[in-house]
Structure formats: structure tokens, C-alpha cells
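Look below for two forms of one protein chain, each set out as C-alpha cells: first structure 1, then structure 2.
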Structure 1
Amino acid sequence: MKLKEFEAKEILAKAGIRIPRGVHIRKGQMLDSVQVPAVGKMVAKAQVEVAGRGKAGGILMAERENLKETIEKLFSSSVKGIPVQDILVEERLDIQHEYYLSITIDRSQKTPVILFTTEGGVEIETLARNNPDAIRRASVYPLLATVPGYTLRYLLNTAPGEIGQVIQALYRVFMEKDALLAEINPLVLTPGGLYAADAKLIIDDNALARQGIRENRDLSEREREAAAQGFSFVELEGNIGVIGNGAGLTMATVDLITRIGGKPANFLDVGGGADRTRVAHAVRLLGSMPDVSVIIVNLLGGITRCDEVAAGIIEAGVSQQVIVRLAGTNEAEGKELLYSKGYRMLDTMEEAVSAAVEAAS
């Protein structure tokens, strides 16, 4: 889960990284009661999760005199369609230089990897395309508590001074907070030292409980319902509802629909050993999507009981046509149950997908 900028900065500050003086304001809060930093030049930043926030109007400059109007203006706006709920008001920094620093996970090395470049302030993907040699990267052995000195010297190409301390502090945050990404971009050099002018922290979803972090994601009602049921669910833009078991098989089903000219409405993985209630929930969830005209259920399993799945489909009783491919335990009983209610059953995944695409067109 991606933390908001102000949350990430609080964590960095606790780890000893300097952040601009500032204050977080929530929509609806009385502006007169907010203690703003006693500086002249300020910046108001919308706390929304979009790329290119500045260009999209999510960052406004302000002076002390017009701060209130600026904040009100930002709260009444939306950035790339997302309404502004939180604003971070900060002092404007006196920028002498901008660096880029991030720590993420290298999947093939199976280690944390630190990326550093003296050309900060731009998107790292852009820099990687235009000037890949400017980015230095170094892996850290995962059983180490701190970054070795030689690694810092390699990254910085010089003796590690204050930047070395910032890297150590960010590495501690990365390891202690179960982060998948810890990024400071830009890391700004001012006459008063180094500051994290912007910060990004993505915390592993599987570690939220032990980190004591509450889900703050903005989910649609359907996504919330799917999450409550424990389904993996992604909404797409088509008219064929897709239910599968296992991420790979469900993805392959969605891919095949697209390949033969159909339009999948979603990805929904019900998980292993789904019983009647879970299947009924899944079918009803897709049935409630206004654009869905056909639903394909593609379940293959060792332990998934086909008679339970069949009962779930029948129990859901949605108005859309449901096309079923089932293989697993009690297959014959499940098929018989569905046949008796007039459902369309096909033996292979490809036949079922073809039938669904045909029915939806």
C-alpha cells in the first residue's frame, strides 16, 4: 500500500531525515486553527496518488497572505479526476541541487537495491530512458543491518558525507517498515543541509497488520465487496464477466477472451477450494456490473468440489447468461445439477471462452 506523502515524511523524519517544515490539513478542518510554519514562501501539495501531480495542478505556490485562498482553491479542485481530501502545506526550500535516491527490491538478485543519481527531480523512468549511465545502483546483502561503506562510496562516487547518512537512514526505514519502495525524489541540497522534498513509501500489503497500518485505499463499492470476500478482483472495461480459480488460470482466461476478439469486464480469482457461498457471491458480484452481458466461470481444481460450485452458480440466479467449464472432484454431479437447470457447460477452457465471446457479441 502506498502511503500518502505526509505519512511517508513523518516516518522519514522519525528516522532522522530532514523534511521541510509543514503541516497536514484534512478537508473540512477549520483553517484558522491550523498552525502553519512561520515562513513567507510556501507550497500547498494535494495528497493524491497520481503521477505528474505538479503538472496536473496538484501543487500550488502560496505566500503567507494568500495561503487560505490557495488551500481552499486546492480543496475545491480535483487532480486527474481524484478529489483532493488532504493537503500538505510546506515551506518552500532554497534549492541548490536535486538528487534522486530510492531503495526497492531486486527480484532476480533477491536483495534490496539502492538507486542514486545526482540528477534528481525527474521521474526515474524518464532518466533511465534518456541517461541510464547517470543512475548508480547497488545491491545490499539482505542479512546486513546497515549499508556497507564501500557500497556508499560506489553509489556516491565520493566519500559518503551527509548523503551517506541519509542513505543509511532510508535503508533502516526500508527494512524496518517492510517497504517495497522507499523513494526520496528530489533529495534537495539547501544552505541548511539535505531535505527530503518529496517522499514515497510503499508498504507490503502482507505486512500491514504487523506494521500497525490501516488500509487507506480508495476502493469502489464493488472492489470493497470483493476484498471483504477475499477475492482478487480487478475491473476492466468489457462486457464478459470472468470468474476463475488461481491467478494464472484466471489471467489466461482474460487473455484468451481478448485474443479472440472479446472484451473481458474483470479479473476475479475466487481462490482455492471455493464453496457454494463464495461462488454465489462471486457470480452475484459480476451480475451487479451493469455492462456485463455474459459470465464465464472457468474452474479447474483438485480440491474444488464441482457440485458445490454448481450449487453456488444456481443459488446466485443472476439474469445474465452463465457459461461454465468445470473440472475436478464430483465433476459429474456438478454438471448434472447445472444441466438440469439449463446452464451451458463446455468441456475445455477454449470452447467455453469461444462460447462466451460469441454470446456477448
Structure 2
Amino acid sequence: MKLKEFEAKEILAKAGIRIPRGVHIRKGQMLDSVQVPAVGKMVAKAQVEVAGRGKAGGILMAERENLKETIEKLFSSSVKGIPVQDILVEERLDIQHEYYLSITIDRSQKTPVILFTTEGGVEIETLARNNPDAIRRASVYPLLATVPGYTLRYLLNTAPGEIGQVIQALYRVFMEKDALLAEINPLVLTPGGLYAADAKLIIDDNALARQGIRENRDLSEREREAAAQGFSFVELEGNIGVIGNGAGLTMATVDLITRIGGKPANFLDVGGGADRTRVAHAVRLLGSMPDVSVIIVNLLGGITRCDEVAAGIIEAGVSQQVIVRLAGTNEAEGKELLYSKGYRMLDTMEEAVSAAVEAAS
């Protein structure tokens, strides 16, 4: 789950990383009661989790005398279609140099990896593509409590040595908060020292309860509904709804749809032993997605009974065409139920996927 900038900065500050003086303001809050920094030049930042918010009008410069008008203007706007509900007002820093610093997971090495460059304030993907040698990266053995000194020396090269303390603090945050990403961009050098001018922190969804976070704000309404039903569900951007049982089979179905030119609308794994009620919930969930024009149900019956799956599909009663491939326990009974109601049945995954892609196009 992505934390908002003000939330991430509060965590960094507790870890000893300096952040600009600022205040978080919620929409509807009385502005006259807000204690803003006692400085002349300020910046108002919309707290929306989108890339490029500055270019999209989500960051506005302000002077103390026009701060109220700037805040009201930002609250009345949206950034890339997202209404602004929170604003972070901060002092404007006197920036002498910008750096980029982040820690993420290197999945191939199964270790945290630190990325650092003296060219901060830019899109790291663009820099990595155009000038990859500008980015230094180093993996850290995950059982280490601190970043080794030789690793810091390699990362910093000729950069100021005090950045090493920031790296150590950010590494502690990364490990203690079960993070998938901890990023400061830019980390800025000012006459007063180093500051995290911006911050991003993404917590592993599987660790939210351990971190004391009750709700995953990143979930869409349908993903939240699916979680309540116990489904593994991810929304995509296509028009072919996908239901499978088992992550491997469901992912293979999604991949095959893409391979032959279709566009999957989701990943939905109903899990093993799904009964008719569970299947009906899954089919209705996909039926509620406005872009879904056809649904493919691809299930293998082991502990899952094909006749229960068939009954659930029929009970759902969605308007979209449902193409089904069933194999396994009570397969004959399930197919007979579906045939009696006019559902389209195919014997292999390849046939079912091909039919779904053709129907969707």
C-alpha cells in the first residue's frame, strides 16, 4: 500500500531524516486554525498517489499572503482525475543540489537493493534508460541490520559523506516498515544541510496487519469486495473477464488471452473447493465491470466439484456471454447442467480462450 507523502515524511522524520517544516491540511478543515510554517515562501502539494503530479498542476508555489487562496484553489481541483482531499504545505527550500535515493527489492537476488545518483529530481526510469552509468546500485544481505561501510563508500563515490547517514536511516525504515519501496526524490542539499524534499513509501500488503494498518487504501471497490469474499483478484484494463481456480491456471489463462491478441479484464482465483455461492459471487463481480463483454470460466475440479461450479454460473445470471471449460470431479454433471441452460462449453483451455477472444472482438 502506498503511503501519502506526509505520512512517509513523518516516518522519515522519526528515523532521523530531516524534512521541511510543514503542515498537513484536510479538505474542510478551517484554514484560519492551521499553524503554517513561519516562513515567507511556501509550496502546497496535493496528496495524491499519482506520478507527475507537479506537471499535472498538483504542486503550487505560494507566498504567505496568498497561501489561503492557493490552498482553496488546489482543493477545488483534481490531479489526473483524482479530487484533492489532502494538502501538504511546506517551507520552500533553498536547494543547492538534488540527489536521488531509493531502496527496493531486487527479486532476482532476493535482497534489498539501494539506488543512488547525484542526478536527483528527475524521472529515474528516464535516467536509467538514457544514462544508466549515472545510477549506482548495491545489494544488501537482508539479515544485516545496517548497510556496510564499504557499500556506502561505493554508493557515494564523491558525493558528500553525510548522505551515508541518510542511507542508513532509510534502510532502517525500509526493513522495519516491511517496505517494498522507500524513496527520497529529491534528497536536497541546502545551506542548512540535507532534507527529504519528497518521499515515497510502499508497504507490503501482506504486512499491513503487522504494521497496524487496518485497511488497504490502494484497493478498488471491486478488489475490496473480492477480498471480503476471499478471492485473489486484480483489476486489469481489458474486456474479457477471467475466473480460474489456482493461481497457476488463472495466470496461464490471462497469459494465453494476451498471447492470442485479447485483453484480460482481471485475474480472479476462486481457490480450491469453491461451492456454487462462491462461484456465483465471482461471476457477478465480473458481470458488474462495465467493460467486460465476455467471461471465461476455466476450472479444474479436484476438491472443487464441477456441478457446483455450473450451478453457481447459472445462479449468477449475468448478461454477458459466459464461456466455460470444466474438467475433473463431477464433470459430466456440470456440463449437463450448463448445456441445459444454453451455455457454451469447450473441452480445452486453448479452445475456450480462443472463443472468448473472438466473442470479445
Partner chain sequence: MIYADRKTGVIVSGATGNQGSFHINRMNMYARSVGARGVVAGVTPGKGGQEVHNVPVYNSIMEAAEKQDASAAVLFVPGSAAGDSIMEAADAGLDLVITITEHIAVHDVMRAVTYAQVRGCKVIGPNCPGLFSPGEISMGIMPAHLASRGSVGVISRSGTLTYEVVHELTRAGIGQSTIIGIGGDPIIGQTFADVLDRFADDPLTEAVVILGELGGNLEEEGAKAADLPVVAFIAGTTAPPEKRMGHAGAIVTGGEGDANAKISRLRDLGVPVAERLSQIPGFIREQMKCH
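For residue numbers, the reference is structure 1: its sequence is counted from 1. Since this is a predicted model, take the numbers as computed values, not measurements. In this text, rigid core is short for the largest set of C-alphas that superpose within 1.5 Å between two forms.
The first of the two structures is the form predicted together with the partner chain. The rigid-core alignment places the CA of A46 less than 2 Å apart between the two structures. Comparing the forms between the two structures on their rigid core, the Cα displacement of T158 reaches 2 Å or more.
Core-superposed comparison between the two structures: the Cα of K341 travels 2 Å or more.
The two forms, fitted on their core, place the C-alpha of G248 3.9 Å apart, compared between the two structures. Its Cα shifted by 5.2 Å between the two structures, R259 is reported here after superposition on the rigid core.
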